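Okay, so here's just one chain, in structure tokens, the form predicted on its own.
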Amino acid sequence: MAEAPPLRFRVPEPLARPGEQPDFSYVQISDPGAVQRPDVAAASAELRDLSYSLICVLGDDGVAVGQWAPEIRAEALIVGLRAMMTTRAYDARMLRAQRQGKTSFYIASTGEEAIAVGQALELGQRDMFFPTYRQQGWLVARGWPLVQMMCQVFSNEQDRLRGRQMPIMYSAKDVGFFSISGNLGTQYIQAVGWAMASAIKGDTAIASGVVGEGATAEADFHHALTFASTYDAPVILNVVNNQWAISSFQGIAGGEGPSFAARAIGYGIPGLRVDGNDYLAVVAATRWAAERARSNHGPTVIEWVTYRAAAHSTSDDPSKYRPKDEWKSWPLGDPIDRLQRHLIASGAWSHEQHADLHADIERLVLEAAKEAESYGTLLDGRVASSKSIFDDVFEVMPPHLRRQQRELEG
């Protein structure tokens, strides 16, 4: 028997590292309008191509083309534009606050705003969103007060969560925003379970869950797809492929092989691969998947192809693992700029209106920050009271905790 060659394995590497020119040649992009829009009732076996092509509506000229171009009024698009711009301004203000020592930690969503904002404005008011930690745009789009968001980041006297969550791990049931979990992947199985419970009750509300591409390697991802497929759960399962899981290139999670959307195929679930920086494509894909779920045709997996423009968090230094300003070379551009260009091309917007809106948003965010800081930050130590640790845990507090509470209160 001939001697076999030594075995080997491969470690995926990004095409560019610090000091090199950005290289996004691996990103497969379809022409705007080139992808066909199937009926929402189509069998998953007929939708295989949607997992490999890229649903894109907006061309470089800002014009919406193709079957996926949604029917949506300019006024609604301006609402989305405002929410994305507000989210970016909010992120910038909170990043500054962290650098000033007013909070311990922050995570920005720069470059990914279209995904959370688009879903928030397209899904129903009673639908439940199970986010990961870069979807603050949902809260902004749904009108959740910026002051309350900031107080949670500061963990101050007005923090509704009483300082029990890390900064940016919001919870807002009133606007369908499920509590963020630091254990990534859990939101997928929670979303599937919530959707199944809605169906059991005979309700009409659906669920939408989010993970990043790195978390698709977690067992919870596959458990969720198994249950969603087996029971035709009315749920949208989003994979935000922003190219980096902290410092790990998306290829480490398997992104150099079939797309993340294609992982749905083996479970008999439709998988859509969508331009996550195209606000109109976000609206269109969300609308399609939501209609499919509400019509009892089952779940949909959506891979949103986007780019994490900012650091993973304030604890991260991306210059250690990717080229400086790589974001500027991202082939799908900036979601805010692209929607602005579309509105101007349609005659519904102008550069002057955009500048006025930007100034108005900056003023509102600054006013909210001043109010939130008046309730305390880490700099002055006015944080949530330790006496609240017994509240909101049990409906009826057991005797041993009542004794401990009395001891704490002195």
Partner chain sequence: MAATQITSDNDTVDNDTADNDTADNDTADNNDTADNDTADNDTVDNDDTDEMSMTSGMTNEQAGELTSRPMAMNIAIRSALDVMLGRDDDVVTFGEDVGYFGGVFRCTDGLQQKYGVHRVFDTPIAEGGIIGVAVGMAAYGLRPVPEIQFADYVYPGLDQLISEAARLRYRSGAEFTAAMTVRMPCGGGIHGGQTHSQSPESIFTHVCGLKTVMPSNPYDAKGLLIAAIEDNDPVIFLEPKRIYNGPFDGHYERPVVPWSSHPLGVVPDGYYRIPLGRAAIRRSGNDLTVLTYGTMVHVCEVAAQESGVDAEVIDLRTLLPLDTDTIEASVAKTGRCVIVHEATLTSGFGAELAATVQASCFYSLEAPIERVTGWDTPYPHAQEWDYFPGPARVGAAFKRVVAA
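Positions refer to the first chain, counted from 1. C-alpha atoms forming the largest set that superposes within 1.5 Å between two forms make up the rigid core. Note that the structure is predicted; figures quoted are calculated from it, not measured.
FYI, the form predicted in complex with the partner chain isn't displayed, but the following is about it.
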message: Given that the partner chain is not shown alongside this chain, does G257 nevertheless sit within 4.5 Å of it in the predicted bound form, heavy atom to heavy atom?
response: no
message: Can you work out whether K320 and the partner chain are in contact in the predicted bound form, taking contact to mean some heavy atom pair no more than 4.5 Å apart?
response: yes
Distance check, S386 to the partner chain in the predicted bound form, heavy atom within 4.5 Å: yes
- prompt: Using heavy atoms and a 4.5 Å limit, would one call R96 a contact residue for the partner chain in the predicted bound form?
  reply: no
task: Sort through 325 to 333, 161 to 169, 79 to 87, 142 to 150 and report the only stretch with a non-hydrogen atom within 4.5 Å of the partner chain in the predicted bound form.
output: 161 to 169
- request: Look at the candidate spot formed by Q36, A264 and I344 and say whether the partner chain comes within 4.5 Å of a heavy atom in all three of them in the predicted bound form.
  value: no
message: Can you pick out, from A197, A74, I246, A92, the residue that has a heavy atom within 4.5 Å of the partner chain in the predicted bound form?
response: I246
- prompt: Among G214, P234, P131, G271, which has any heavy atom within 4.5 Å of the partner chain in the predicted bound form?
  reply: G214
message: Pick out the residues of 395 to 410 whose heavy atoms come within 4.5 Å of the partner chain in the predicted bound form.
response: H400, L401, Q404, E407, L408
task: Verify the C-alpha shift of R403 between this form and the one not shown: is it 2 Å or more after superposing the core?
output: yes
message: When the rigid core is used for the superposition, does E20 move between this form and the one not shown (threshold: C-alpha shift of 2 Å or more)?
response: no
query: Is V393 one of the residues whose Cα moves 2 Å or more between this form and the one not shown, with the core superposed?
result: yes
